[in-house]
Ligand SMILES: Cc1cc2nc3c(=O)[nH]c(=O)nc-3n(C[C@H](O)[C@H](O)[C@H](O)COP(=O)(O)O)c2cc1C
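Encoded as C-alpha cells, the following chain is the form predicted on its own, with no partner shown.
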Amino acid sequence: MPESPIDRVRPLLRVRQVREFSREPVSEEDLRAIGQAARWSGSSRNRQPWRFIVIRDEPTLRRLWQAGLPQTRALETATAALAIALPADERMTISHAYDDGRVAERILIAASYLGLGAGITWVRGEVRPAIGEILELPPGLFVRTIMALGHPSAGALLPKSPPGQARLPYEELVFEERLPRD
C-alpha cells in the first residue's frame, strides 16, 4: 500500500529547534552536507546574497554565545555553527531577511535529516558589530542569524509539550478560501 501524503511529509513534521548539545563533534562530512543544503536554498531572484561561515573553534563559539545573549544561548553547547553573512544594503533589507529565513530553515531541516540538531540564533542589531568583529567580517557584511549545530543532548530530545499539545489543532489554523469572521 502506498504511503499517504502525511506519511511522506512526516520527517519534515519532526524537525525541531535544538538548543542543547552533547560534546560529540559534528563530522566534516555532515558540515559539508549542511553547507551544500544551504548553498542550494532558494533566494529572491536567485541572487544568492549570503556567504556562509562554518565555525568549529570552541572559543569563537563561546564568544559569539556571550556577545549575543540571550538570543544566542544555543551556542553555549554547540560544537559547530554556520553563520549567515549578508550584504548591508538598505534597499534589500526585506528581501535579504526573507532569504535569511529561508536558508536558516533549510539548514535546520538538513541537520535534522542527518540526525543532528540545529538551533536558529538571532543576532540583534545592537550586537551585530561585536559579532562582525569576532567573525572578522569584511566591510559591508553583517550576520543576523547563526545556526547552532551539534548532536542533541539527551535533555534536548525530551518532548517539550504533552502529546497532542505542541501545536494548535489543524482546524484552528488552516481554513478553506478565507479566515472565519468572529
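Small disclaimer: the values here were computed from a predicted structure and weren't measured. Don't overthink the numbering: it's just position in the shown sequence, from 1.
Just so you know, the form predicted in complex with the ligand exists too; it's not on screen, but the next bit is about it.
Only one segment in the set 29-37, 135-143, 120-128, 51-59 has residues whose heavy atoms sit within 4.5 Å of the ligand in the predicted complex; it is 120-128.
Contact annotation: R73 falls within 4.5 Å of the ligand in the predicted complex, judged by heavy atom distances.
Although the partner is absent here, R10 sits far enough away that none of its heavy atoms falls within 4.5 Å of the ligand in the predicted complex. Not displayed here, the ligand is kept clear of S22 by more than 4.5 Å at the level of heavy atoms in the predicted complex.
Contact annotation for 1-18: residues with any non-hydrogen atom within 4.5 angstroms of the ligand in the predicted complex are V15, R16, Q17, listed in sequence order.
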